[in-house]
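In the block that follows, a single chain appears as structure tokens, in the form predicted alone.
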Amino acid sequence: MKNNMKVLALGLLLAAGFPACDKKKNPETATATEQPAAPAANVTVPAFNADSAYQFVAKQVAFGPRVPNTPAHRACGDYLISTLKGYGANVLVQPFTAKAYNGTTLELRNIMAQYNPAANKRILLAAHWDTRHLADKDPANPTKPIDGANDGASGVAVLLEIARQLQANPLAQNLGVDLMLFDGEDYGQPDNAGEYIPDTWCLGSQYWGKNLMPKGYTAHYGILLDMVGAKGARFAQEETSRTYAGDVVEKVWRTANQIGYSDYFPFQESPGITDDHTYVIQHANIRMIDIVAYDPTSPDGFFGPYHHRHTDNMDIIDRNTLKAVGQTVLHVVMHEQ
């Protein structure tokens, strides 16, 4: 989805020239000067279990590539629904079909797990659970699908561990948390597919934003997790996130720095990308940020060297990275009570 501009339902314009979920820009980067604020008192935050999150990644990868219209995709979706129900969530499933850039009709499911569904103040946490149908950046076997251990499974794994913690550590009744697993995020048009077709990525968030489940849904803000498990990952402050939810970006990065994860969350800016948060902002009118790996030294100039390659497997998944992201998000959520 590069070089596309969208008019937001908020009456604002997204910045032009966003790369797609697999695209990038080589930006001017900057370091923020703001210092972390002290966390609120009298809030008990459970420990995010990195071993558990790692096993959630491995479980998804064990199904095989979770490419839409495959048995692995169906089986993994059933597993995610069952697991979230087992952790006490009110689980909603949104089945839908979408036409891919190549004309394929995809059978897809968005999955939402709600905690305290009656609460008016809601925080939306999201990731995508499908995997890329081809390794179009890999010189070896570029037409075969990838494991997607980081690109897809890592964000889902963090949310599953958060679900486990929310069952064991119930939220105050004034706060609700919704875990959204978007489908069809990674079935976008390859660079060499011919004429550019807009909006071929992030099919699940596009559909959900236009057909909200539950009807009339809204949230105080949202946090998207994408590629949050690789060794040595760093998360910069992405431009779309800064533009439409700058206060949430500040909250997350200050929290991470305050609790000891400054190496993972440097006060550094990165260019905007079109990801699921783009369509949540555009269609659902919900301010959402994207915690997404940023590596300007990689071959792509944004994502890591494993992106849409067969090296995106369990070998690159690191418990320390999962811990840094999961513990930070848990702190942010628990301090909303």
Ligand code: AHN
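These numbers were taken from a predicted model, which means no experiment stands behind them. Start at 1 and count along the sequence shown; that's the residue number.
Separately, the form predicted in complex with this ligand exists; it is not shown, and the next lines address it.
> So which of W208, W253, W201, F235 gets a non-hydrogen atom within 4.5 Å of this ligand in the predicted complex?
Exactly one listed residue reaches within 4.5 Å, namely W201.
> To verify the annotation, which of these, I289, A53, I273, V61, has a non-hydrogen atom within 4.5 Å of this ligand in the predicted complex?
Comparing distances to this ligand in the predicted complex, the residue within 4.5 Å is I273.
> Where does this ligand sit in the predicted complex: which of 262-270, 116-124, 180-188, 209-217, heavy atoms within 4.5 Å?
Looking at the other structure, the answer is 180-188.
> Contact between M227 and this ligand in the predicted complex at 4.5 Å, heavy atoms?
Yes, contact at 4.5 Å.
> Taking this ligand as it sits in the predicted complex, is Y306 near enough to touch it, meaning that at least one heavy atom pair lies within 4.5 angstroms?
Taking the distances in the predicted complex, the answer for Y306 is no, it never comes within 4.5 Å of this ligand.
> If you check in the predicted complex, is Y79 within 4.5 Å of this ligand, heavy atoms only?
Y79 lies outside the contact set for this ligand.
> Quick one: does Y196 come within 4.5 Å of this ligand in the predicted complex, counting heavy atoms only?
Within the cut-off, so yes.
> Using a 4.5 Å cut-off on heavy atoms, what residues in 123-162 are near this ligand in the predicted complex?
If the 4.5 Å heavy-atom criterion is applied to this ligand in the predicted complex, 123-162 yields H128, D151.
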